[in-house]
Each structure stands twice: as structure tokens, then as C-alpha cells.
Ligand SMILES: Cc1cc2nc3c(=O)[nH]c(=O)nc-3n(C[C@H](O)[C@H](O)[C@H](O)COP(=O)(O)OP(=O)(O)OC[C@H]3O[C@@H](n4cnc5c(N)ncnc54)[C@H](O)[C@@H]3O)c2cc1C
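Next up: just one chain, as C-alpha cells, the form predicted on its own.
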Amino acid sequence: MPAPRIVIIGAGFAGYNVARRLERSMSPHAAQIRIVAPFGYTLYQPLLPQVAAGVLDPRSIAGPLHRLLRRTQLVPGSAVGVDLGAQAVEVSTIDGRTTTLPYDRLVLCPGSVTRTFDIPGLHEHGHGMKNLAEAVYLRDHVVAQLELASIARDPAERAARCGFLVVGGGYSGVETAANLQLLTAQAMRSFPRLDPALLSWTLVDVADRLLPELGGRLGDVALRKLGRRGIDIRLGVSLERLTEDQAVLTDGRVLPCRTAVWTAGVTPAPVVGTLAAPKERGRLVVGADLRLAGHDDVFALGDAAAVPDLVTGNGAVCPPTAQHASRQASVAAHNVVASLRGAPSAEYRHRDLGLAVDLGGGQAVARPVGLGLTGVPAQAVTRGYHLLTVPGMRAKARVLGDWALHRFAGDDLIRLGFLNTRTGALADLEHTA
């Protein structure tokens, strides 16, 4: 009998870990494993803000699939359609061609894309923080604004170039604002012609609390720490419209601004919408064994799946976090193998271990296993967690080395040249929905 064909869509936390565990649990010729991903790496997204701030080199958080996966074939492209009846995946490869991959078992974990709304100017002038290109571009852009402000003669232009806005008060938005504010505050020393008082950072969110996942006390601690740095945090407020040099908020305030970063939520990748299968708020409905309803040969997990939360109960589903995606991968890989061997399936059950937020400059807030931490202990927990979970020993060594180098040598304010070939807009660097 020919070896069963296992196709994995996506190489994020879920997809990469499924492939890695399948390789470990199956003999070399027991199955043909393919992973569909547009890039040859798995990205450790939680550290993207530190790439944007120049704390980490981009390669440090990109685990090379060709090195990390020994027997899994990379299909360089993106899944654009799934025919559940024909057991086939339509893939658009990176050279623009379309190919069809047949499967005997399909693992759907394409991740998510930035969720946007019909806000005038957002797609043209907003920036995202969802992939490596956006993080690298954003760093180039932020440094360039200070360089251009230092030579500008028009006071209005200087104010706009020194005005920065982050929309979204969750993990990504808070870390982006915290790390980039530190970068710009320290960089002002290199621009003596600029008045430091011109530097303006604003963080807005429609919610009434910052970092609600951390609980009220730690969210308030983060709010105070960022406020003392000069970040203007406005809750219950969002973006109404955006132009090249202004941001208008829903409370009527007009901000001089040439940099607006949108981190206000995600939605499943577009391929999920092509499946004729039940969905809950855009996510595929699966059982606790991660099987797609009505299709025993298809498994879905991560941001693309509404996985029942057996710990919380009451019909709740697991939140789309990296922690859940990584742990769901273990169950998905086990159940794929079990389905091929006729063995019983396992159910996904995991209690959230908490959240850690790095605010930069030795500051952090964390809630590991329900224990609220701030300051140095929180920073130790936060960075220790990242070191444990970043994929591959080389990546761990690079991250540790980058942290040490930045701590003692600071930032060189080098731009990598992305401004020459990209607009940097959401529509340019990322698929949004």
C-alpha cells in the first residue's frame, strides 16, 4: 500500500509543531508529510515588537523549516481552496502557479490575518504588526520619521513625523507601543535639533481596560508604567479616519501623525472561508478531538478553529493564542497517527497558563498560573518563557545574544532599505479582512 499523504496547511505555532511531532511519532516511510507555507520558516510572532524596536535581529525569531523538519516536504505557497469531497488542496505557489495536493489526512492550521474595519485611510496609511516584513518595515519607517523630522522646516511636519499612534490595547498593541516608544525616546539623543517634547505616543482601544486578559490589577499596573513614560492611553476610543499626516479619533481629537499601527484583532486566514463547513465567528467548528465536523480525515486547530474549551466548559471555545495552538498541535498529531492506525483519539484539554507582557527597559507584567508579577520577576518569567518556546537551539542562542548585545551596546538606528521598495501599508504587506 502507498504511504498515506498528510498535508499540513500553515507553519505557525500549530502547523510547525504538528509536523515536528508527526516526524517523531512515525517511522520515516510510514507517511508522506507536506507542509504548505509561503516562507521557509516558522515565525515566533510574540517577539515581533522587539524586532520592530531593533532589540532582536529578524532571523532570531524565524526558525528555518529546512533545518527544523527533516522529513517534511515544504510546499512554498499559500492554500487558496480545499475540496473536502475530492480530498484535495489548491495551492498558489510563490511563483504564481497553481497546484493541487491530494491528501489522505488534512491538518488545517493556516493561522490568522489582521482584522480591519471600513475606516477611511486605514488600508492606505496604516501599518500592521502580524508578520516579519511588517515588523522590519515599521522599524525602517519609525527611524526615517525622526531623520526627516530633524531636517524639516515646517513645524507641522515635524509634529506629524514625531507623532505615533497604536490602535489596540491587547498583547500586540501594548508591546508594540512600549518597545517602539523606548526606541524613539532613546533615539532622540541622536537628533539634537529635535525638541524631545515633540515626541508623542498614543495608544487607543475601544475596551474600557488595558490588557483585560491579565486581570484588572496588572492591566492597571501596565497602564501606569506606560503613562509614566509619556504614552497617552485612551480607552473607550478608536480610530475614526486616517490621512497621511493626521489621525482623527472617535472622541473628536485630531493627532498629528505619520505612523499609525493597527493591532486591533485578527480573523482566520482567507482559505478558511472557502470550506463548506460549519463555522463559529469565522472559525471552523471542530470537536474536542480537533476533527472537522462531518469529516474524519480533516483536523483543524489554532486561530482557524473553534476548539471546545473543556476546562472552562459552558460552550466556550479556546482563545486564539500561541499557547493553545502549540498544545493543540500535540493532540492533532496524536489523532492523525491514531486515525491511520485505528487507535482511539485523544481530546484537547488545557488550562491557560497565563500571559506575560514585555514592556521593554526591564519592565514587564505577567500572570503565570494565576500569580500576578511585575518588575524584574515578571521580566524574568517573560523572557524565560520566550527562550523556552522560540523554535530551535540556534534561535534560542540568537535571541539570548541579541538581548545581551542590545542591553550593553544599545541601538545603531540602522535602516534596512524597506522604504525603497514598499509603501508599508496594510494592503501592501499583509492580507487583511
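For every residue, the number given is its place in the sequence shown, counted from 1. For clarity, every value in this text was computed on a predicted model and none was experimentally measured.
The same protein has a further form, the form predicted together with this ligand, not shown here; the description that follows concerns it.
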Checklist outcome for this item: As a check of understanding, the residue in A222, V271, L180, A260 with any heavy atom within 4.5 Å of this ligand in the predicted bound form should be identified as V271
Checklist entry - Considering this ligand in the predicted bound form, which of A356, L242, C318, I231 comes within 4.5 Å of it through any heavy atom? => result A356
Item to check | Contact flag, K130 vs this ligand in the predicted bound form, heavy atom cut 4.5 Å | outcome: yes
Next on the checklist: Taking any heavy atom pair closer than or equal to 4.5 Å as contact, tell me whether Q323 reaches this ligand in the predicted bound form.
Outcome noted: yes
Checklist entry - Taking the shortest heavy atom distance, is P377 within 4.5 Å of this ligand in the predicted bound form? => result no
Item to check | G63, heavy atom within 4.5 angstroms of this ligand in the predicted bound form | outcome: no
Checklist entry - Looking at this ligand in the predicted bound form, do all three of F117, V166 and V204 come within 4.5 Å of it through at least one heavy atom? => result no
Checklist entry - Hey, of 193 to 201, 251 to 259, 332 to 340, 302 to 310, which bit sits against this ligand in the predicted bound form at 4.5 Å between non-hydrogen atoms? => result 302 to 310
Checklist outcome for this item: Checked 75 to 112 against this ligand in the predicted bound form; residues with a heavy atom within 4.5 Å, sequence order, are G77, S78, A79, C109, P110, G111, S112
